[in-house]
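Consider the single chain below, provided in C-alpha coordinates and representing the form predicted on its own.
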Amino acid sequence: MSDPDLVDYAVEYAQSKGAAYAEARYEHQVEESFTLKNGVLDALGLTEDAGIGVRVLANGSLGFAATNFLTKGEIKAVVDSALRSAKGAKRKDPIVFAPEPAVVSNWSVPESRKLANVPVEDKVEEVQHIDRELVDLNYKMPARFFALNTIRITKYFANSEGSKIRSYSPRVRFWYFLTLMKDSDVEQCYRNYGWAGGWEALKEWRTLDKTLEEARTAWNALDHGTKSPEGRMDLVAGPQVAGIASHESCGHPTEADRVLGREASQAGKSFISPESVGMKVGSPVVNVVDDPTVEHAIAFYLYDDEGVRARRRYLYKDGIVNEFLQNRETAAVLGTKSNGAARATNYDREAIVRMANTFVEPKDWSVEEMIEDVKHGIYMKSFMEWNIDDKRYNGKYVGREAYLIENGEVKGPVRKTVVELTTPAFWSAVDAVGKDLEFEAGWCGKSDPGQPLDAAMGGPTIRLRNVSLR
(Lines give C-alpha, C1' and ligand atoms only; values in the text may rest on other atoms or scores of the structure.)
Protein backbone atom coordinates (compact mmCIF):
# COMPACT_ATOMS: atom_id res chain seq x y z
CA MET A 1 0.00 0.00 0.00
CA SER A 2 1.15 3.57 -0.68
CA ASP A 3 1.60 5.98 2.22
CA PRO A 4 -1.70 7.83 1.52
CA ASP A 5 -3.48 4.47 1.26
CA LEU A 6 -2.11 3.55 4.70
CA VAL A 7 -3.49 6.79 6.13
CA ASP A 8 -6.94 6.04 4.70
CA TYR A 9 -6.72 2.46 5.92
CA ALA A 10 -5.88 3.64 9.46
CA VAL A 11 -9.00 5.79 9.58
CA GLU A 12 -11.26 3.07 8.14
CA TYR A 13 -9.87 0.39 10.46
CA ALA A 14 -10.29 2.61 13.54
CA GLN A 15 -13.93 3.19 12.65
CA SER A 16 -14.49 -0.53 12.18
CA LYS A 17 -13.12 -1.10 15.70
CA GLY A 18 -15.58 1.34 17.26
CA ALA A 19 -13.80 4.72 17.26
CA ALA A 20 -16.28 7.60 17.44
CA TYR A 21 -13.72 9.71 15.57
CA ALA A 22 -10.41 8.87 13.92
CA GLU A 23 -7.67 10.77 12.12
CA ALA A 24 -4.30 9.82 10.66
CA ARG A 25 -1.45 12.07 9.56
CA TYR A 26 1.44 11.03 7.33
CA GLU A 27 4.47 13.29 7.48
CA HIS A 28 7.74 13.15 5.54
CA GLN A 29 10.53 15.56 6.51
CA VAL A 30 13.86 16.09 4.76
CA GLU A 31 16.10 18.37 6.79
CA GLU A 32 19.54 19.81 6.08
CA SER A 33 21.47 21.90 8.59
CA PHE A 34 24.96 23.20 9.23
CA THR A 35 26.83 25.49 11.60
CA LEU A 36 29.85 27.73 11.11
CA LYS A 37 32.10 28.76 13.97
CA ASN A 38 34.47 31.61 13.17
CA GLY A 39 34.18 30.83 9.48
CA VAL A 40 34.87 27.10 9.80
CA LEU A 41 32.26 24.47 8.98
CA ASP A 42 31.70 22.88 12.39
CA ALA A 43 28.80 20.51 11.74
CA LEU A 44 26.72 19.34 8.80
CA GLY A 45 23.69 17.11 9.00
CA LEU A 46 21.08 15.58 6.70
CA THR A 47 18.11 13.73 8.14
CA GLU A 48 15.06 12.13 6.57
CA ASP A 49 12.10 10.86 8.53
CA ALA A 50 8.63 9.64 7.63
CA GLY A 51 5.79 8.05 9.53
CA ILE A 52 2.13 8.07 10.44
CA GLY A 53 0.43 9.23 13.63
CA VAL A 54 -3.08 8.06 14.52
CA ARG A 55 -5.49 9.66 16.97
CA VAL A 56 -8.85 8.21 17.96
CA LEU A 57 -11.75 9.25 20.15
CA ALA A 58 -13.40 6.32 21.94
CA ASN A 59 -15.39 6.05 25.17
CA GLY A 60 -15.03 9.80 25.62
CA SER A 61 -11.22 9.71 25.67
CA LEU A 62 -8.42 10.33 23.18
CA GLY A 63 -5.72 7.85 22.25
CA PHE A 64 -2.63 8.54 20.14
CA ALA A 65 0.06 6.29 18.69
CA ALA A 66 2.59 6.58 15.85
CA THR A 67 5.05 4.55 13.80
CA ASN A 68 7.71 4.93 11.13
CA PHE A 69 7.21 1.35 9.91
CA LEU A 70 4.88 1.91 6.99
CA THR A 71 3.22 -1.44 6.52
CA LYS A 72 -0.42 -2.44 6.77
CA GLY A 73 0.25 -4.73 9.72
CA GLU A 74 2.11 -2.01 11.64
CA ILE A 75 -0.63 0.55 10.99
CA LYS A 76 -3.21 -1.91 12.29
CA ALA A 77 -1.14 -2.36 15.46
CA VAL A 78 -0.82 1.41 15.92
CA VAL A 79 -4.58 1.90 15.63
CA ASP A 80 -5.15 -0.89 18.17
CA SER A 81 -2.67 0.79 20.54
CA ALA A 82 -4.41 4.18 20.22
CA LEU A 83 -7.79 2.55 20.88
CA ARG A 84 -6.49 0.74 23.98
CA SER A 85 -5.18 4.05 25.33
CA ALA A 86 -8.48 5.79 24.75
CA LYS A 87 -10.66 3.00 26.15
CA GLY A 88 -8.43 2.60 29.19
CA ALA A 89 -8.50 6.25 30.21
CA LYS A 90 -12.00 6.23 31.76
CA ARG A 91 -12.43 10.00 31.98
CA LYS A 92 -15.10 11.53 34.21
CA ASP A 93 -15.74 14.28 31.67
CA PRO A 94 -15.89 12.89 28.14
CA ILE A 95 -13.91 14.65 25.40
CA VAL A 96 -15.87 15.94 22.44
CA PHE A 97 -14.73 17.84 19.36
CA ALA A 98 -16.37 21.01 18.09
CA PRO A 99 -17.93 20.22 14.70
CA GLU A 100 -16.05 21.06 11.50
CA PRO A 101 -16.92 20.52 7.84
CA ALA A 102 -15.03 17.94 5.79
CA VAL A 103 -12.26 19.43 3.66
CA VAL A 104 -10.56 18.12 0.52
CA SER A 105 -7.52 20.20 -0.40
CA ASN A 106 -4.02 20.07 -1.86
CA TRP A 107 -1.91 23.13 -1.03
CA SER A 108 1.78 23.97 -1.25
CA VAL A 109 4.20 26.83 -0.66
CA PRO A 110 5.90 28.05 -3.87
CA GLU A 111 9.70 28.07 -4.17
CA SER A 112 11.43 30.49 -6.56
CA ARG A 113 14.61 28.43 -6.07
CA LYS A 114 13.74 24.91 -4.98
CA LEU A 115 15.63 23.84 -1.87
CA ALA A 116 16.16 20.36 -3.30
CA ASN A 117 18.03 21.82 -6.29
CA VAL A 118 20.58 23.91 -4.34
CA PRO A 119 23.75 21.96 -3.43
CA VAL A 120 24.76 22.15 0.21
CA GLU A 121 28.16 23.47 -0.89
CA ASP A 122 26.44 26.55 -2.35
CA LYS A 123 24.50 27.10 0.87
CA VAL A 124 27.66 26.87 2.98
CA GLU A 125 29.53 29.24 0.66
CA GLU A 126 26.80 31.86 0.88
CA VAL A 127 27.01 31.93 4.67
CA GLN A 128 30.82 31.84 4.64
CA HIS A 129 30.74 34.90 2.37
CA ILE A 130 28.78 36.76 5.06
CA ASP A 131 31.36 35.70 7.64
CA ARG A 132 34.26 36.94 5.49
CA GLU A 133 32.57 40.31 5.05
CA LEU A 134 32.20 40.56 8.82
CA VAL A 135 35.90 39.88 9.30
CA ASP A 136 36.69 42.67 6.82
CA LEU A 137 35.02 45.19 9.16
CA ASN A 138 38.16 44.83 11.32
CA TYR A 139 36.24 44.80 14.59
CA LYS A 140 37.48 42.62 17.42
CA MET A 141 35.02 39.76 17.07
CA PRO A 142 36.27 36.68 18.96
CA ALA A 143 33.14 34.59 18.38
CA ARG A 144 31.02 34.31 15.25
CA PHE A 145 28.41 31.54 15.13
CA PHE A 146 26.08 30.95 12.17
CA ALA A 147 23.46 28.24 11.68
CA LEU A 148 21.34 27.49 8.66
CA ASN A 149 18.54 24.97 8.42
CA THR A 150 16.30 23.96 5.51
CA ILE A 151 13.42 21.54 5.76
CA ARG A 152 10.89 20.15 3.28
CA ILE A 153 7.68 18.87 4.85
CA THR A 154 5.14 16.74 2.98
CA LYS A 155 1.88 15.79 4.73
CA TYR A 156 -1.30 13.89 4.10
CA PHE A 157 -4.14 14.15 6.66
CA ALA A 158 -7.42 12.25 6.65
CA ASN A 159 -10.18 11.83 9.19
CA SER A 160 -13.42 9.89 9.66
CA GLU A 161 -15.49 12.95 8.76
CA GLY A 162 -14.25 12.90 5.16
CA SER A 163 -11.34 15.35 5.22
CA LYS A 164 -8.38 14.59 2.95
CA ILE A 165 -5.67 17.27 2.91
CA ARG A 166 -2.30 17.12 1.17
CA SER A 167 0.38 19.77 1.66
CA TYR A 168 4.02 20.64 0.94
CA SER A 169 5.88 23.24 3.02
CA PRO A 170 9.55 24.15 2.44
CA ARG A 171 11.19 26.33 5.10
CA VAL A 172 14.50 28.13 5.60
CA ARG A 173 15.92 29.35 8.91
CA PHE A 174 19.11 31.43 9.34
CA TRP A 175 20.34 32.55 12.75
CA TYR A 176 23.53 33.80 14.34
CA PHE A 177 25.37 34.96 17.46
CA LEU A 178 28.12 37.57 17.24
CA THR A 179 30.38 38.58 20.12
CA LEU A 180 32.26 41.87 19.83
CA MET A 181 34.87 43.19 22.24
CA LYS A 182 36.52 46.51 22.96
CA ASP A 183 39.11 46.38 25.72
CA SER A 184 37.30 44.31 28.39
CA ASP A 185 33.79 45.32 27.32
CA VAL A 186 31.52 42.92 25.41
CA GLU A 187 28.48 43.36 23.18
CA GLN A 188 26.58 40.40 21.76
CA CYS A 189 24.10 40.19 18.86
CA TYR A 190 21.52 37.56 18.01
CA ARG A 191 19.12 37.46 15.08
CA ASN A 192 16.86 34.73 13.75
CA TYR A 193 15.28 34.78 10.28
CA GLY A 194 12.63 32.36 8.99
CA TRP A 195 10.96 31.84 5.60
CA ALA A 196 8.33 29.61 4.07
CA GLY A 197 9.59 29.09 0.53
CA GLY A 198 12.82 28.30 -1.29
CA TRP A 199 16.45 29.37 -1.36
CA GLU A 200 15.46 32.88 -2.44
CA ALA A 201 15.06 33.53 1.30
CA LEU A 202 18.54 34.94 1.95
CA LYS A 203 18.19 37.41 -0.90
CA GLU A 204 14.74 38.49 0.24
CA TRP A 205 16.03 39.04 3.78
CA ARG A 206 19.03 41.07 2.52
CA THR A 207 21.00 38.86 4.89
CA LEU A 208 24.47 40.23 4.17
CA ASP A 209 23.49 43.89 4.55
CA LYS A 210 21.49 43.29 7.72
CA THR A 211 24.20 41.19 9.39
CA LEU A 212 26.86 43.81 8.68
CA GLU A 213 24.56 46.53 9.99
CA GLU A 214 23.96 44.53 13.17
CA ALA A 215 27.70 44.30 13.75
CA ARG A 216 28.17 48.03 13.08
CA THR A 217 25.46 49.02 15.60
CA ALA A 218 26.98 46.69 18.20
CA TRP A 219 30.39 48.26 17.68
CA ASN A 220 28.86 51.72 17.89
CA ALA A 221 27.34 50.78 21.25
CA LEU A 222 30.75 49.59 22.48
CA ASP A 223 32.48 52.68 21.17
CA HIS A 224 29.99 55.41 22.07
CA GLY A 225 27.25 53.85 24.23
CA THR A 226 26.37 55.35 27.58
CA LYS A 227 24.35 54.00 30.48
CA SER A 228 20.66 54.10 29.72
CA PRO A 229 18.80 56.73 31.80
CA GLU A 230 16.41 55.59 34.51
CA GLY A 231 12.99 56.83 35.49
CA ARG A 232 9.63 57.43 33.84
CA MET A 233 9.80 58.37 30.16
CA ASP A 234 8.52 57.42 26.73
CA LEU A 235 9.69 54.28 24.94
CA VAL A 236 9.67 53.79 21.18
CA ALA A 237 10.02 50.02 20.64
CA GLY A 238 11.04 48.50 17.31
CA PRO A 239 9.43 45.53 15.52
CA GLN A 240 11.68 42.99 17.24
CA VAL A 241 10.62 44.24 20.69
CA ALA A 242 6.95 44.39 19.69
CA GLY A 243 7.30 40.84 18.38
CA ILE A 244 8.72 39.23 21.52
CA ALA A 245 6.09 41.03 23.62
CA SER A 246 3.35 39.79 21.27
CA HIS A 247 4.55 36.20 21.50
CA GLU A 248 5.17 36.07 25.24
CA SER A 249 2.50 38.35 26.72
CA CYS A 250 -0.33 37.75 24.25
CA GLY A 251 0.20 34.57 22.25
CA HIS A 252 1.03 32.28 25.16
CA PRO A 253 -1.61 33.50 27.63
CA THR A 254 -4.38 33.17 25.02
CA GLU A 255 -3.63 29.51 24.22
CA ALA A 256 -6.87 27.83 25.24
CA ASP A 257 -5.18 24.77 26.74
CA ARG A 258 -3.19 27.08 29.05
CA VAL A 259 -6.36 28.99 29.89
CA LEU A 260 -8.02 25.68 30.82
CA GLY A 261 -4.98 24.56 32.87
CA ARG A 262 -3.78 21.66 30.69
CA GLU A 263 -0.22 23.01 30.31
CA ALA A 264 0.20 24.11 33.95
CA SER A 265 2.93 21.59 34.80
CA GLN A 266 4.60 21.74 31.37
CA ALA A 267 4.73 25.07 29.53
CA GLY A 268 2.94 27.13 32.18
CA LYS A 269 -0.30 28.83 33.10
CA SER A 270 -2.09 32.02 32.02
CA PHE A 271 -3.24 35.16 33.81
CA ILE A 272 -6.32 34.92 31.57
CA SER A 273 -9.31 32.80 32.60
CA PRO A 274 -12.08 31.27 30.45
CA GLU A 275 -14.28 34.23 31.47
CA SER A 276 -11.71 36.86 30.35
CA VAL A 277 -13.01 37.45 26.81
CA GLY A 278 -13.93 41.15 26.85
CA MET A 279 -11.40 42.02 29.58
CA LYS A 280 -9.37 45.21 29.02
CA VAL A 281 -5.69 44.43 28.64
CA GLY A 282 -4.37 47.37 26.59
CA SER A 283 -5.12 50.70 24.96
CA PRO A 284 -7.69 50.97 22.13
CA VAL A 285 -4.95 51.16 19.47
CA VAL A 286 -3.63 47.66 20.32
CA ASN A 287 -4.47 44.72 18.06
CA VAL A 288 -2.31 41.64 18.54
CA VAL A 289 -3.04 38.90 16.04
CA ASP A 290 -1.87 35.42 15.21
CA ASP A 291 -2.07 34.59 11.53
CA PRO A 292 -0.83 31.37 9.86
CA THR A 293 -1.69 32.75 6.42
CA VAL A 294 0.98 35.49 6.31
CA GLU A 295 2.81 34.84 3.05
CA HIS A 296 6.36 33.48 3.53
CA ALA A 297 6.28 33.69 7.34
CA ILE A 298 7.97 30.55 8.68
CA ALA A 299 4.81 29.21 10.35
CA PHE A 300 2.65 29.56 7.21
CA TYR A 301 -0.12 27.02 6.68
CA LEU A 302 -3.61 26.90 5.15
CA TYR A 303 -5.01 24.01 7.24
CA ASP A 304 -3.91 22.98 10.71
CA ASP A 305 -3.07 19.43 11.83
CA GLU A 306 -6.72 18.75 12.66
CA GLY A 307 -7.81 19.71 9.15
CA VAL A 308 -9.29 23.08 10.15
CA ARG A 309 -8.98 26.07 7.80
CA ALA A 310 -6.46 28.66 9.04
CA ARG A 311 -7.39 32.32 9.49
CA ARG A 312 -6.22 35.49 11.24
CA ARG A 313 -7.03 35.33 14.97
CA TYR A 314 -7.52 38.63 16.84
CA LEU A 315 -6.21 37.76 20.30
CA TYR A 316 -6.21 41.32 21.68
CA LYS A 317 -8.52 43.59 19.67
CA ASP A 318 -8.87 47.32 20.43
CA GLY A 319 -7.10 46.60 23.71
CA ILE A 320 -9.59 43.87 24.73
CA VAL A 321 -9.10 40.10 25.07
CA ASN A 322 -10.99 39.00 21.97
CA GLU A 323 -10.45 35.27 21.38
CA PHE A 324 -8.24 32.35 22.36
CA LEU A 325 -6.15 30.08 20.18
CA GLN A 326 -8.31 26.95 19.88
CA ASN A 327 -8.22 23.37 18.73
CA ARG A 328 -11.36 21.28 18.37
CA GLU A 329 -11.21 19.91 21.92
CA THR A 330 -10.79 23.25 23.70
CA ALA A 331 -13.37 24.87 21.41
CA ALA A 332 -15.96 22.29 22.50
CA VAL A 333 -15.17 22.94 26.17
CA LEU A 334 -15.52 26.70 25.71
CA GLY A 335 -18.60 26.53 23.50
CA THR A 336 -17.04 27.95 20.36
CA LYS A 337 -15.35 26.77 17.15
CA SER A 338 -11.74 25.89 16.43
CA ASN A 339 -9.77 28.68 14.75
CA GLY A 340 -7.19 26.35 13.22
CA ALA A 341 -4.49 26.51 15.92
CA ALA A 342 -3.70 22.78 16.30
CA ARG A 343 -0.11 21.95 15.28
CA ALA A 344 2.43 19.19 15.84
CA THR A 345 6.17 19.06 15.17
CA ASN A 346 6.02 15.71 13.38
CA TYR A 347 3.94 12.59 12.82
CA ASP A 348 4.93 11.18 16.23
CA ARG A 349 3.45 14.07 18.25
CA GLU A 350 -0.20 14.85 18.95
CA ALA A 351 -1.41 18.16 17.53
CA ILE A 352 -2.00 20.67 20.34
CA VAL A 353 -2.86 24.37 20.59
CA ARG A 354 0.05 26.43 19.21
CA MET A 355 0.85 29.89 17.95
CA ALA A 356 1.92 30.48 14.35
CA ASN A 357 2.89 34.03 13.29
CA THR A 358 2.06 36.39 16.18
CA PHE A 359 2.40 40.14 15.79
CA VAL A 360 1.08 43.61 16.48
CA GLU A 361 -1.22 44.54 13.62
CA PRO A 362 0.22 47.63 11.88
CA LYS A 363 -1.49 51.01 11.66
CA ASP A 364 -0.41 54.25 9.98
CA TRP A 365 2.27 55.99 12.07
CA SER A 366 5.78 56.45 10.71
CA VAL A 367 8.75 55.92 13.02
CA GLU A 368 9.75 59.55 12.50
CA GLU A 369 6.32 60.78 13.60
CA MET A 370 6.49 58.73 16.78
CA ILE A 371 9.97 60.01 17.66
CA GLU A 372 9.17 63.65 16.82
CA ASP A 373 6.54 63.68 19.56
CA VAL A 374 8.86 62.40 22.31
CA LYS A 375 10.44 65.00 24.60
CA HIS A 376 12.58 62.58 26.61
CA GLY A 377 12.75 58.85 26.03
CA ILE A 378 14.44 55.82 24.51
CA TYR A 379 14.27 54.30 21.05
CA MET A 380 14.79 50.54 21.65
CA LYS A 381 15.13 48.98 18.21
CA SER A 382 15.97 45.44 19.37
CA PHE A 383 16.34 43.36 22.51
CA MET A 384 19.08 41.15 23.91
CA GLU A 385 17.24 39.48 26.79
CA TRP A 386 13.69 38.76 27.91
CA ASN A 387 12.05 37.15 30.93
CA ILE A 388 8.41 36.51 31.76
CA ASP A 389 6.70 34.65 34.56
CA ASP A 390 4.74 31.42 34.47
CA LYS A 391 1.40 33.17 33.95
CA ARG A 392 2.78 35.55 31.29
CA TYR A 393 1.92 38.55 33.48
CA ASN A 394 5.20 40.08 34.72
CA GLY A 395 7.59 40.69 31.81
CA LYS A 396 11.06 42.16 31.36
CA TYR A 397 12.81 43.18 28.13
CA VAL A 398 16.40 44.42 27.87
CA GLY A 399 17.51 46.54 24.94
CA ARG A 400 20.32 45.62 22.55
CA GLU A 401 20.32 48.44 20.00
CA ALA A 402 18.89 51.52 21.69
CA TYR A 403 19.26 55.31 21.48
CA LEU A 404 18.41 58.34 23.58
CA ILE A 405 15.61 60.60 22.32
CA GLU A 406 15.72 64.29 23.28
CA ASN A 407 13.20 66.85 22.01
CA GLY A 408 12.11 64.65 19.12
CA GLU A 409 15.62 63.78 17.91
CA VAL A 410 17.53 60.51 18.11
CA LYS A 411 20.84 61.04 19.92
CA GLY A 412 23.67 58.65 20.81
CA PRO A 413 23.45 54.96 21.69
CA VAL A 414 22.50 53.82 25.20
CA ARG A 415 23.09 50.37 26.60
CA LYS A 416 20.97 47.79 28.37
CA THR A 417 17.72 49.71 28.67
CA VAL A 418 15.36 47.67 30.86
CA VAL A 419 11.58 47.85 30.63
CA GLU A 420 9.83 45.73 33.27
CA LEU A 421 6.04 45.87 33.27
CA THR A 422 2.98 43.71 33.74
CA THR A 423 1.27 42.64 30.55
CA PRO A 424 -1.68 45.07 31.01
CA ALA A 425 0.70 47.92 31.90
CA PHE A 426 2.80 47.29 28.80
CA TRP A 427 -0.08 47.22 26.31
CA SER A 428 -2.05 49.99 28.08
CA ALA A 429 0.92 52.35 27.64
CA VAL A 430 0.85 52.01 23.82
CA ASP A 431 -0.50 55.16 22.17
CA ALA A 432 0.91 54.85 18.62
CA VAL A 433 1.40 51.91 16.25
CA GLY A 434 3.55 52.14 13.12
CA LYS A 435 3.27 50.75 9.61
CA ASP A 436 6.79 49.20 9.35
CA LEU A 437 5.77 45.56 9.87
CA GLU A 438 8.71 43.15 10.23
CA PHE A 439 9.04 39.54 11.41
CA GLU A 440 11.63 37.62 13.40
CA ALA A 441 11.71 33.83 13.54
CA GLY A 442 11.68 31.89 16.77
CA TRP A 443 11.02 28.52 18.32
CA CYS A 444 8.07 27.93 20.59
CA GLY A 445 8.50 25.19 23.19
CA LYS A 446 5.56 23.37 24.72
CA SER A 447 4.10 20.03 25.85
CA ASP A 448 5.56 16.76 27.13
CA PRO A 449 7.09 15.12 25.12
CA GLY A 450 8.45 18.48 24.06
CA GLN A 451 7.47 20.09 20.78
CA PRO A 452 9.83 22.96 19.79
CA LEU A 453 7.93 24.38 16.85
CA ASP A 454 8.62 27.01 14.18
CA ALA A 455 7.01 30.35 15.01
CA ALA A 456 7.31 33.94 13.84
CA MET A 457 6.85 37.09 15.88
CA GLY A 458 6.84 40.71 14.90
CA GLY A 459 5.06 43.95 14.43
CA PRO A 460 5.69 47.52 13.50
CA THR A 461 7.38 50.06 15.75
CA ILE A 462 5.15 51.00 18.70
CA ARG A 463 5.30 53.85 21.22
CA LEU A 464 4.71 53.48 24.97
CA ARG A 465 4.04 56.62 27.00
CA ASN A 466 5.42 57.37 30.46
CA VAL A 467 6.74 53.95 31.45
CA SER A 468 9.36 53.20 34.07
CA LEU A 469 12.76 52.32 32.58
CA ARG A 470 16.01 51.37 34.25
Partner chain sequence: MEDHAEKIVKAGLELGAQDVVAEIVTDRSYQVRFAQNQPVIANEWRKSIGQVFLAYDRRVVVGQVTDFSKIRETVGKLVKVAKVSQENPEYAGLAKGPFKYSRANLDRKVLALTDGSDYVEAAINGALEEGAKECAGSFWRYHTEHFLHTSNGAEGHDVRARLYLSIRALVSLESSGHGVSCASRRSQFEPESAGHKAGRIAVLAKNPNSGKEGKYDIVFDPLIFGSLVDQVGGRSSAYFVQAGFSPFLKKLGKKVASEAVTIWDDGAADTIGARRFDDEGVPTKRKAIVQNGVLKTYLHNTSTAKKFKTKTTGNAGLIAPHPHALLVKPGDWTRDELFGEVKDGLWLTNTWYTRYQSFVSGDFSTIPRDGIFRIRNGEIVETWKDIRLTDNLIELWKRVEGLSKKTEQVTWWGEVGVPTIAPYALIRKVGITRSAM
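The model shown is predicted, which means the values in this text are computed figures rather than measured ones. Numbering follows the first chain given and starts at 1.
The following text describes the form predicted together with its partner chain, which does not appear among the structures shown.
- Partner proximity in the model of the complex, defined as non-hydrogen atoms within 4.5 angstroms of its partner chain, places exactly one of 318-326, 156-164, 220-228, 172-180 at the interface: 172-180.
- This chain is displayed alone, yet in the model of the complex one of 239, 251, 340, 399 has a heavy atom within 4.5 Å of its partner chain; that residue is 399.
- Of the residues 208, 103, 89, 137, just one reaches its partner chain in the model of the complex with a heavy atom at 4.5 Å or closer; this is 89.
- Proximity of 63, 128 and 348 to its partner chain in the model of the complex is complete: all three residues have a non-hydrogen atom within 4.5 angstroms.
- Residue contact with its partner chain in the model of the complex: residue 268 places a heavy atom within 4.5 Å of it.
- Within this chain, residue 49 lines the site of its partner chain in the model of the complex, having a heavy atom no more than 4.5 Å away.
- Within 4.5 Å of any heavy atom of its partner chain in the model of the complex lies no heavy atom of residue 168.
- Interface residue remark: residue 435 is not counted as part of the site for its partner chain in the model of the complex, having no heavy atom within 4.5 Å.
- With contact defined as any non-hydrogen atom lying within 4.5 angstroms of its partner chain in the model of the complex, the contacting residues in 398-428 are 398, 399, 416, 420, 421, 422, 425, given in sequence order.
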